[in-house]
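First, one chain by itself: the form predicted alone, in structure tokens.
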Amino acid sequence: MSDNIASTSTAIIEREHSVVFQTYRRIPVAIDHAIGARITDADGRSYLDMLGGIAVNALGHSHPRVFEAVEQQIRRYMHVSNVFYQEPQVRLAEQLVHASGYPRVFFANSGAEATDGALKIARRFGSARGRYDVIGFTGGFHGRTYAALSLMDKPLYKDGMGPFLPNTLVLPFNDVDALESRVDENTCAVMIEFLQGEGGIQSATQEFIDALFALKQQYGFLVIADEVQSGIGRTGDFFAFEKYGVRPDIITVAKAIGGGLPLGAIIATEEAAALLDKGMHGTTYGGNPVACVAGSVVVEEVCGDLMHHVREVGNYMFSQLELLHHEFPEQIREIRGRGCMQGVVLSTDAAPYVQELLTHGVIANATAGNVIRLVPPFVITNDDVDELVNALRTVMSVSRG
């Protein structure tokens, strides 16, 4: 490791501090390159990436098929707008229709944009029926736009930024009594993460989902499934909601779908999609052809053997983390999640543990205060899991000592 390389890394951080909005709590690593589940910094140090670009890099970094598809598309054209028909969009939409069983797709640039579009559909649905209330849940995260923030409860994201959208409210997650007492004939939509990411890898209970869909049957509102973080195979199913045996009206996806490029989508029933007429909703960049060809590779790989691998490596990771839980019961309360979306719930603040993991060459992050979030690329191996668990064991031992 040369002093010149080390000083270059430090210089990048210092330059960023002088010119960029200071809105991110960045990991103090300046990236040089990344391949598979490994990130190498400007000092030449390698890290095991258990964050995956915050659940984005499903196929890992620098996947050769993504590179090939992107390069070929760039040489044809990069952007022409949604004024034109584009085969890359059509192909990816066909793949999503086939994988999801839903008939219609709208492309956006991000999960937040998909949230906004889904809520516009919901309000269109409600306005024709004289109902306007949209419900979200505590612990939920749907993006940083005003529509998304209106359905979230975290003060850090909302303080001093109101007022938010009218006729929106946030109910306690997994609280059946609160749900049944507040949902009524004025409800036009409910938005829910079946497996919360920012909320600490917290799963909806079957009882809660059963109650929600019983109320849907009674009052006829729309259910919007936020699968931005949990979808596209991350849990071992294409969508997290599949485990519950229900069928939402609208699904929002992003993150993994773009293979590392900005891409989001709304997937919907024919009835929900028909609520938006020509010209009522749109985007200049959404469904960019370069992102769409990357997305086609992701869906093809995920729907091939990769989703099976996610289940297998996810089961192995859960079992090994459970052993660690039994080894350190005072520090670890619980292991949550499934597939490549798991959380180590601690009895104290998770941030210091995440910082210590970094010194042992493992990248993760803290969420919901006391949860170490693990959303790695789907291509991780059992050996990678062992490396993670060994690093966690070392960090837990030092903390306990």
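Numbers follow the displayed sequence, beginning with 1. Computed from a predicted model, the values in this text were never measured in an experiment.
The form predicted in complex with a small molecule exists for this protein as well; it is not shown, and the discussion that follows is about that form.
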Counting only non-hydrogen atoms, the one stretch of 81-89, 67-75, 142-150, 208-216 within 4.5 angstroms of the small molecule in the predicted complex is 142-150
Taking the small molecule as it sits in the predicted complex, is residue 228 near enough to touch it, meaning that at least one heavy atom pair lies within 4.5 angstroms? yes
Applying a 4.5 Å heavy atom distance criterion, does residue 112 contact the small molecule in the predicted complex? yes
